[in-house]
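Read the single chain below, which is given as structure tokens and is the form predicted alone.
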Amino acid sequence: MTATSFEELAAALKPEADAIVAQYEDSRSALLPLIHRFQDAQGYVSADAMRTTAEWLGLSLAVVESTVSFYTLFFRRPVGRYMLQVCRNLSCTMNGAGAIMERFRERLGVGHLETTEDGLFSYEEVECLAACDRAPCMQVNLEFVYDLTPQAVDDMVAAIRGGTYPVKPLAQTEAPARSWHVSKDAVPRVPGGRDVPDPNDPGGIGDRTGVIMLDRVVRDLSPDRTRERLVKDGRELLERGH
């Protein structure tokens, strides 16, 4: 989308955006609705959309970007006209999500965070969609689909390709690339993220990243280091051998 066409889009959406913002006591509460509206119009959340939303709401761009990057329902790169998001969490996995994901990869010829060459499908394996009682489940353009089976996958793909699937396609203002993966930050954003294997990885069982970061906070007694209660308590715990 060119700068001119985005400016035209923003101008067209501005009255609606003002009406949305007016519904909230705190304008920041309109952040998610505005991002949804831009995605509806563009098919994804562009850098221009995030910058404009920040300006309209008086927020920093970092606040908007961090919010958009948190949710799997926002797409930061152009995607296919049908976004297929299969749940891979515990309940779905126990009820056959593995076979569902394998079937999608086989039928579409793409993997996680990839788009088919014709731009019709984007495929993602996501965390819990909160429909555990109907597992395995997924979302198609954010619309829920429950009780999946391999045959249901075949029927869905055929219906979408045939133009008969009941969920409407996403807007597509820009042709998607093969992958719409957004790379992790190469450099940690905060001092506490240094000296750890991967500052972008939340870790898990057996991962000592959090301990390493706490050690760094405790031993760094430079003048600009905060001496809040949390830091002091952390030092006392380590001294007692906890």
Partner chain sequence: MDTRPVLMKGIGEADLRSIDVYKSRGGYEMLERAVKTMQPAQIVEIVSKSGLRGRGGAGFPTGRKWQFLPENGEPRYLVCNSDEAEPGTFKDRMLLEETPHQIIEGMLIGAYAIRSHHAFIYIRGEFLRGYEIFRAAVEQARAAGYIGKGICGTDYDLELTIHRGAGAYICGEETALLNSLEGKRGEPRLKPPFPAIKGLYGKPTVVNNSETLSYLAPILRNGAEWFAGVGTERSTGYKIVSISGHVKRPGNYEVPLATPIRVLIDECAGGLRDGRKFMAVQPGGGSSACLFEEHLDLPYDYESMAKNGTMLGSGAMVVFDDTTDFVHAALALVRFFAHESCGQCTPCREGGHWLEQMLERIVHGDGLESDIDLLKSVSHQITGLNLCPLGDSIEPFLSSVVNRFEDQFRAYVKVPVAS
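Positions refer to the first chain, counted from 1. None of these values were measured; they are calculated from a predicted model.
Same protein, other form: the form predicted in complex with the partner chain, not shown, and the subject of what follows.
Shown alone here, Q172 lies farther than 4.5 Å from the partner chain in the predicted bound form, counting heavy atoms only. Heavy atoms of C128 reach within 4.5 Å of the partner chain in the predicted bound form, making it an interface residue.
Although the partner is absent here, T116 lies well away from the partner chain in the predicted bound form, with no heavy atom inside 4.5 Å. Taking the partner from the other structure, the partner chain in the predicted bound form has no heavy atom within 4.5 Å of any heavy atom of S179.
Contact annotation for 82-102: residues with any non-hydrogen atom within 4.5 angstroms of the partner chain in the predicted bound form are R88, N89, L90, S91, T93, M94, N95, listed in sequence order.
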